[in-house]
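First comes one chain, alone, set out as structure tokens in the form predicted alone.
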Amino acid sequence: MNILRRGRLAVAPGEDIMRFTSSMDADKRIFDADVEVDKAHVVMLKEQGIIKDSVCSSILCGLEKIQKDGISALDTSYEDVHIALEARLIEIVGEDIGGRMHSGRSRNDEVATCIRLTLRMELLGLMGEVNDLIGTLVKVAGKHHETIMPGYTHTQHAQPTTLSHNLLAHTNAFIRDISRIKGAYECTNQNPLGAAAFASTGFPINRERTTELLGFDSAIENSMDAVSTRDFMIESLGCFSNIMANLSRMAEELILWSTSEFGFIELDDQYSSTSSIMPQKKNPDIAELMRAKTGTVHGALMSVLTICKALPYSYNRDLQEATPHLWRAADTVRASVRMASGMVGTMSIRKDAMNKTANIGFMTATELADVLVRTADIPFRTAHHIVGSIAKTGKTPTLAILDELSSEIIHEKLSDRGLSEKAIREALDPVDNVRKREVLGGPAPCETKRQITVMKKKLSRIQKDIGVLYEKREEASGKLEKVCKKYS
């Protein structure tokens, strides 16, 4: 008889009901975390005198065997991994011993703890992978400080820039993503264990001890909040969604750049596919899938927001449906980050095509207007009017044409105000355009080199921070393992 239902319920659910209510598929993800939580809880019960030393020893030995055998050895007819694991423990050590493990605890605080333990490792892994992606972008950008290319607004030629400047724009977005992930990690790394169903417990438990053994930063103080909240999941999913939005933007550029119309890059064969009927095709399938999977992650966020909307305190079974969305989104975003890093790191860059198109579309118009302001001392809006009038004609700007237009617009020749042919030629040169833009954040080679120096320092700090978080996790794991060996 099911150890959970045998007291209050007389009728077992049918197979269809069990399939409807079971979370075993998703629970595979938290099996190791569940064993870890059980061990920490049992150690705490023993140290608080709630269970005897011999009971603690037997339970810890049983948990060790369960962990070694793996989740496949559990009875999957139970509705979740927690009850299946406890039932297996009772089979091994008997109910008089194994039945004491759940003292002072509920599945409500147990599952919340397991999710947090598992999610924090996903967040740590994601931070490292995004850091690697940024490193790849920086490495490629470092080789292209003077690779001139068109910059776009509204997907139309706008102003000349460099490939380095473009790639560094993406790195800045991903740096912010890492900052958001770190914030989500801090909110995730809090301990709900000990909250029990929602009203804590009458047993003299020590929540600070389980917090220490599980490597949490702190315990969630309000027991009702501890079992009810899934805001840490929503925050993490928000981070995942933001990363995917940024990845999707980059994927779109890679897709466009690899077309015959652009011809800026060629993606490596391993990140491409071909056609079943058109033998000449080389399709950017990985980038396209990355773009599409953004919808999967955004959908997961919306699903969890909808599940959590208007749920009364404290625990409701609705929350079980949120967790699969979390794991699916985590898997998707981590894989997408790795794909992006691989694509950028292996793509072939066609500098000639980029340079050639940088001379199309009068992209130096803004600099020409700026030159009119600086040399002829006219208002920028007036210069905008004059240069815009030239753009409308499609003619190449010359001093004679500018003088003719300025005579019509301001009733004065610009040559009389100091404008020269040499100044016009320099303004129309895309390379000179870029080199002049040395202001903070601009595309000038000296500035993108400075940006990369700053970025490398940030990457080093991030790597160090990730290492510290891993060390704290390993320290707690080692402490738990050591005390379990001592008590078993």
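Treat the numbers as computed from the prediction; the structure is a model and nothing was measured. Just count from 1 along the sequence shown to find any residue number.
Another form exists, predicted in complex with arginine (ARG); not displayed. Remarks below refer to it.
Contact with arginine (ARG) in the predicted bound form, defined as a heavy atom within 4.5 Å, holds for exactly one of Tyr315, Phe262, Phe174, Phe362, namely Tyr315.
The single contact residue among His82, Arg120, His165, Arg105, judged by any heavy atom lying within 4.5 Å of arginine (ARG) in the predicted bound form, is His82.
Only one of 108-116, 380-388, 271-279, 292-300 places residue heavy atoms within 4.5 angstroms of arginine (ARG) in the predicted bound form, namely 108-116. For Gln159, no non-hydrogen atom is located within 4.5 Å of arginine (ARG) in the predicted bound form, even though that partner is not displayed. Within 4.5 Å of some heavy atom of arginine (ARG) in the predicted bound form lies at least one heavy atom of Gln320.
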